[in-house]
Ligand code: DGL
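Okay, so here's just one chain, in structure tokens, the form predicted on its own.
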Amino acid sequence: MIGIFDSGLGGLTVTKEVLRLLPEYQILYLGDTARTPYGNRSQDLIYQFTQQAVDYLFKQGCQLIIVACNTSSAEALRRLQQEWLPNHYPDRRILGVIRPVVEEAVKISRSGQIGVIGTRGTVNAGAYEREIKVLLPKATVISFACPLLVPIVEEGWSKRPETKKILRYYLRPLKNRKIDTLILGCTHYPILYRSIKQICGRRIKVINSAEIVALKLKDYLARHLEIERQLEKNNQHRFLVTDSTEVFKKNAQQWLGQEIKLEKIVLE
């Protein structure tokens, strides 16, 4: 199975694109909805929560996991890959969402003026800026924390007029700095893609991070057949959460465009 983990339901944006591009593979999704959002947590706690989640997914039979939470990718992924994984599941893989999106941003940016919006945890970690500078040393990276957007998306308020006002407030400093490319540094944000794109206008290329991650996963599997051959191929997808409400279920089904059953689990 391919495991997809997020701190909440935002990772369903990645799941939707993976199901579209790689429909033959079985998906096991896990959203830590009881403890979302991660963006305001300490680095140690983010690592602890992420490690618990990936361990659970591996125990369920996943051979490869996408950490679709940008905060976890920024604060915990490298340590998990370098220290934890070799000692516990050396034949399995954990992938993040930051590097694939950065590669796309660097490729399409004309001026090197690249904007990033994300949670406080993602922005404060500076992971996007570090990765961009590795590939494009002369780039100017303007990052802005948007702590209200995850709760707005989780509450299903993506089409509210108040949400557009908040988006204009968050995006104004980036537009004033003349960015030509915008990274949505949270997997919740593609839910707001159309509104963000409209506010940014034609001069700014807004990267659909969920689509890019799915495309990069497809390429990764084509290059790593030793992993691809171990993945189960069926449509028995499962969707796990650590807390479940009718709002979560309604949003999840709306984002995926299909009816699903949310299974409640406990992470320890």
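From 1 onward, residues are counted along the sequence shown. Only a predicted model underlies this, so the values are computations on that prediction, with no experimental measurement involved.
The following text describes the form predicted together with D-glutamic acid (DGL), which does not appear among the structures shown.
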- line: Given 169 to 177, 186 to 194, 85 to 93, 134 to 142, the stretch touching D-glutamic acid (DGL) in the predicted complex at heavy atoms within 4.5 Å is 186 to 194
task: Answer yes if any heavy atom of Gly39 is within 4.5 Å of a heavy atom of D-glutamic acid (DGL) in the predicted complex; otherwise answer no.
output: yes
task: Decide whether Val153 counts as a contact residue for D-glutamic acid (DGL) in the predicted complex under a heavy atom distance cut-off of 4.5 Å.
output: no
query: If we check D-glutamic acid (DGL) in the predicted complex, which of the residues in 1 to 29 reach within 4.5 angstroms of it by a non-hydrogen atom?
result: Asp6, Ser7
